[in-house]
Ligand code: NAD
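A single chain, nothing else alongside it, follows as structure tokens in the form predicted on its own.
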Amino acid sequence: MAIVKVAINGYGTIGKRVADAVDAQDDMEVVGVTKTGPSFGCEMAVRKNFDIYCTSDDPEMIRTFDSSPFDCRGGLRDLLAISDVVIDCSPGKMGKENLEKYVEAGIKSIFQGGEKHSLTGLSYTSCANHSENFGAESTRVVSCNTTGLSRTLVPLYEHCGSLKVECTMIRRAADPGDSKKGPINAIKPVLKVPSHHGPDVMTVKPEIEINSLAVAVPTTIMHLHAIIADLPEGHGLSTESIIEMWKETPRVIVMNGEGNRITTTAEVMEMARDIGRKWGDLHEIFVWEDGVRLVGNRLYYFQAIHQESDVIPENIDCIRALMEIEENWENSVKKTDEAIARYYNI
């Protein structure tokens, strides 16, 4: 079996998690990660035996590593030269410049949801359009919110054949490690209506009619979605059958909030820590069973999204799609998740 050589361009919040997830797989390996300069992130990479490269090819930036304890193997161009595919985890809005570098290097590329769909003309989430990305040169793994919406809406659409959705995204203001953003003591509406989150689902599943509103609130641990979905006549579903559908859906956790005393996002994150997840991550989408209600053709439910981690396994499945390793998305998901679980002994 040929091993896919994976470059991680940007070893931050998402990059360090993607690197670990790649490292867990038996059909791919991390050949290097990039940092803009010496930092604690480099220490973490060294502990994982990941080779370090500079994000830039500027000799002066590369030389900033000379006085550090970290061995910099070269610039981004050097890393791309030994890679089959690059996972771009650099800050948003750098996509156009980076894509040109990847095309010049002749390797495939995967961007994150901070970039627009128009950058590659193709987006990805495992359950929605794995096959459409098979063999593609470049794509974008959609954002944490779009990934979360896809996980619960796609199986509904597949059963019903049509779906109309309105959702409100109650968004965390920043990641836990980010001290530069707010609001601190306010609720901030996203005044662009609809927000990009719902329509972004249509980049991976255009058949789902969806719009969204968003507000940012002063919390750092999770996003919360309040969703209303109108099902077609004759859908044949009940509240109970929808719950069972989601319980059988990969990367979705359905739990009774009151019964398990998990009624808030803080308690969901505490659960993730209690079950031994590294960084307290929760790759799955959390749905409150007692918050699901089908009234006639209208479905109401709440779900929580761990913004730092739900897209991580999607990146691994996306590698398998672009590199034409596994055409069946469910087989890829199973392989990815089992490997990550073994890696962390969970």
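Here the structure is a predicted model, which means the values were calculated and not measured. Quick note: we count residues from 1 along the sequence shown, nothing fancier.
If you look for the form predicted together with ligand NAD, you will not find it shown, but the lines that follow are about it.
C89 is the sole member of C127, I227, C89, V204 with a non-hydrogen atom within 4.5 Å of ligand NAD in the predicted complex.
In summary, among the residues T265, T249, N98, S138, the only one with a non-hydrogen atom within 4.5 Å of ligand NAD in the predicted complex is N98. The stretch that touches ligand NAD in the predicted complex, counting heavy atoms within 4.5 Å, is 111 to 119, out of 158 to 166, 195 to 203, 111 to 119, 208 to 216. Contact check for H283: every heavy atom lies farther than 4.5 Å from ligand NAD in the predicted complex. Taking non-hydrogen atoms only, C144 approaches ligand NAD to within 4.5 angstroms in the predicted complex. Using a 4.5 Å cutoff between non-hydrogen atoms, M94 counts as a contact of ligand NAD in the predicted complex. The closest heavy atom approach of E308 to ligand NAD in the predicted complex falls within 4.5 Å. Residues T13, T55 and D175 are all found to lie within 4.5 Å of ligand NAD in the predicted complex, as judged by heavy atom distances. Taking ligand NAD as positioned in the predicted complex, the residues of 31 to 50 that bring a heavy atom within 4.5 Å of it are, in sequence order, T34, K35, T36.
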